[in-house]
Structures are given as structure tokens and as C-alpha cells.
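In C-alpha cells, one chain follows: the form predicted alone.
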Amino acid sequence: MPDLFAASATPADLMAARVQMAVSLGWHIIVACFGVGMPVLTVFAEWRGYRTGDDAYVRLAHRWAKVMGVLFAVGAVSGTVLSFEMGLLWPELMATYGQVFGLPFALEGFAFFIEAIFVGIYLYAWDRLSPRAHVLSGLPVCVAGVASAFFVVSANAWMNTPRGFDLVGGRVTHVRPWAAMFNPAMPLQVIHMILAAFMVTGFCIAGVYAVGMLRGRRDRHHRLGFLIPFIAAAIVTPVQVVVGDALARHLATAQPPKLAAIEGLTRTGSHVPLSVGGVFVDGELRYAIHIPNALSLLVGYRPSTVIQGLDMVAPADRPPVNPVHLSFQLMVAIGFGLLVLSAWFALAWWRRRDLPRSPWFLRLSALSGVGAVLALEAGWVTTEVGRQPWVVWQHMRTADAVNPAPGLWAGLLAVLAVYAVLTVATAYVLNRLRTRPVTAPQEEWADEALDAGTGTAREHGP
């Protein structure tokens, strides 16, 4: 069966499928990050408001809850598109290995429905539940969001370190779904993704309020709106650097060609330097800064550690070096930039219990969300492109998994149109929410009751 698919598929089919999957996944992963991080920040703000009696926290939570609802809705749409694409674009993958790594997708479905139920309760029960019960109704949303990330990323980790099955005569037998889900790459990849979700959410939300503060809005609403998400992101950033280092070290044994592509390393050897920057040209990494022995030290803690290069695999089995290397470099550069920004904030807060006084701090904070998103996308390019040409590492090539049916380019154009409309609609709705006045829940109920009683519709200005 794989040979038949490989013979039928053309390079154009494969390219269309890969681009479509990249666009869909690249769009969805941003929204999915907010599905992980935003419920936690929202519930925390509401809890602090009721715990301290400070209405500013509750107003903030009420506004964030509306944004959370919008992003949950569009995330459901983009996630549904992805679920269909797995079967339509990669039928041989699902036909051969779906029984092996399908369990986390099934469990993610349960997490999604739990999240959907409690998102509805949380959004529409502000006036129907006690403050304590309402805060508690948000906790399942937080847990389900993190659980969804866990299940989906564990399936992706399986593609990098496939386990939980035997191959007998080219057929998958003795399937062990739990062993597949808890594969060797799963712990680090899951932690790395969840931390990235909190970084994206925290820095993006803080960036919005940083722009407002740069425009002179230094009221308590903007201050809290900046501090809560920024502190959350700043806390996880150094942890993310440590986890990222461990994940890169894991590649040395689990996927040596990916690590070689990340570093542009062509020859196997010891005393390998760490390459910063550079471009892979004519089989060599050029224009890079090389730190002597550093890669060997990072991987094995001694200069004599041997690192496998691209020469250990056949040319047809090597990932494309430049996309992997440059994406990894971008991710690391932004990650350390966000680490420095977090340390700047921590130092100022430790000294004066206040934000840094330089306007450059707010300017950089306003850009931190964009940087976090770019780092996220670069990390996924490193992960997915670095595994090529395999869709299941050393078991199935991507070219063997693609749908050979004609017309995949038409599907790609349709998906691009859908995501263009979805992007514009999401931006429009979020902008409408941004221009509405900040209200506490009880004030909004009073406005709605007044509107209903007088039969008028109010227009809310900025």
C-alpha cells in the first residue's frame, strides 16, 4: 500500500499538502496557546478580585473572559479543519498508524467538550452563581485547556519517537496505545509547549496594555492588565530556557540528524563548537560564529563528546538544513531576548516594587508578544521540518503518507481563503471588544436591563 501511494503522489501533491498543513497548524497553534494560558490568567484575576475586594481585578477578568470566548470559538473552527486534514491529506498515515497514536486524539476530544461546557458556564453565569462558585467553574476550563495541549503534543511527540507497536511483515501488530502516548519525547515536548503557551499568552496580553501605557493610560486597570500576564510570562521564561536545552540534548540520541541540521553540522566528531548564526551554503555552514567545544559540552558535559553529523545519514534522509537551522536560531535569539526583558523587570521590581522607568521597557514589552509568537512558530518549524523526510521517524516517509488524489492545490486555495476570512473576522471582533468600556459584571447586567426596559440599543464608545 505505501508503494502504491508513493508512486501515485506527485511533488505538487506533496507540496500542496505540506503547505496546507503548515498554514493550518501555524494559525491554529497561536489560538491554541491562548486556550491554554488565558483561562488561567482570567480565573486568577477574578479570584484576586474577590479575595482582595478590588473591583479592578474583576473588571479585568470580565473583559478577558469575553476575549477568551471569542478565541475559543475560532480555535474550535481551526481545530476542526486540522482534524479533517489529518485524514484527507495523510490517509496512509492514519490508515497504518491511526490505531497506534489515535488514543491522545480521542482523549483530546473529551477535554475539548469539557472545556466547551465550562466555557459556556463561565461566560454566562456571572449573575447566576456566587463569586466563589463562578471562580470554581473556571477551573475545569483551565485544566481542560492544559490537558488538550498535553494530548495533542503527545501525539506529535510519538511521530518523533514512535513506540507502542510491532512491525511484522510490514504490518502494524501488538498495538500498545498507552506506550505510544507516553513515548520518550513526550515529557519534554509537552512541557516545552505548555510553557510556550503561557509565554505567548502572557507577553501578547501584556503587550496590548504596554501600548496603552505608552499612550499615557497609567490607571490601575492598565497597570494590572500589564502586570498579571507579564509576571506569568516572565516566571516561565527561564524555565523554558532550561527545558529547551534539555530537549535539544535529547535530540542527540533520539534524532541525531535533526540536531545536525539545527547546528549545520556536516561531519561527525568530538570537540564540536556551538554555531551562532550562519547560512548553510554548498554543504557547509558559513558566516557563523563558532564557540569552541560548546556543543559537545552542552550535550555530554565534556569536550570529547561525539556529536553525529549529517554524514551519518544518506542524503535522501537528511532534513533541509537552512529552514531548520535558521528557525532554531530565531527561536533561541527571541527566547534570550525575552529572558533579558524578564530579568530587567525582576530587577526593577526587586529594587522599587515598580516597573522599570525607562520608556524602552514598555516599548520592548509592546513587541514581546509578537516576538513570542515568532519564537513559537520558529520552534514548530524546527520540530516538524527537522523530522523530514519522515512523517513517522524512520518508519514512514511524508511522501508515502500524502493523498495521491488530484486537486490538492484547489484545497489549499480554499483553506487559505477560509483562514483569511477567519483572521479578518477575529481581528474585527477583538477590536470591537477593545473599544467597549471596561465594566464590572453587575454594571453590564444593569445596562442590559435598562436597554431591555426602555427598548433602546446603546452604542458603547472607547
Ligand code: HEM
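Owing to the predicted nature of the structure, the values given are computational and were not obtained by experimental measurement. The numbering used is simple: start at 1 and walk along the sequence shown.
The discussion below concerns the form predicted together with protoporphyrin IX containing FE, not included here.
Contact annotation: of the candidates V152, V332, L326, L341, the single residue with a non-hydrogen atom within 4.5 angstroms of protoporphyrin IX containing FE in the model of the complex is V332.
Site annotation in the model of the complex: the residue of Q189, S275, T96, S296 reaching within 4.5 Å of protoporphyrin IX containing FE with a heavy atom is Q189. Annotated contacts: M38, V77 and I205 are all free of protoporphyrin IX containing FE in the model of the complex [non-hydrogen atom within 4.5 angstroms]. Using a 4.5 angstroms threshold between heavy atoms, S365 stays clear of protoporphyrin IX containing FE in the model of the complex. Contact between V241 and protoporphyrin IX containing FE in the model of the complex is found at the 4.5 Å heavy atom cutoff. The shortest heavy atom separation between F113 and protoporphyrin IX containing FE in the model of the complex exceeds 4.5 Å. Within this chain, A372 lines the site of protoporphyrin IX containing FE in the model of the complex, having a heavy atom no more than 4.5 Å away. Residues within 4.5 angstroms of protoporphyrin IX containing FE in the model of the complex, judged by any non-hydrogen atom, belong to 244-252 and to none of the other stretches in 98-106, 225-233, 287-295, 244-252. In sequence order, A372, A375, L376, G379, W380, T382, T383 are the residues of 357-392 having a heavy atom within 4.5 Å of protoporphyrin IX containing FE in the model of the complex; the partner itself is omitted from this view.
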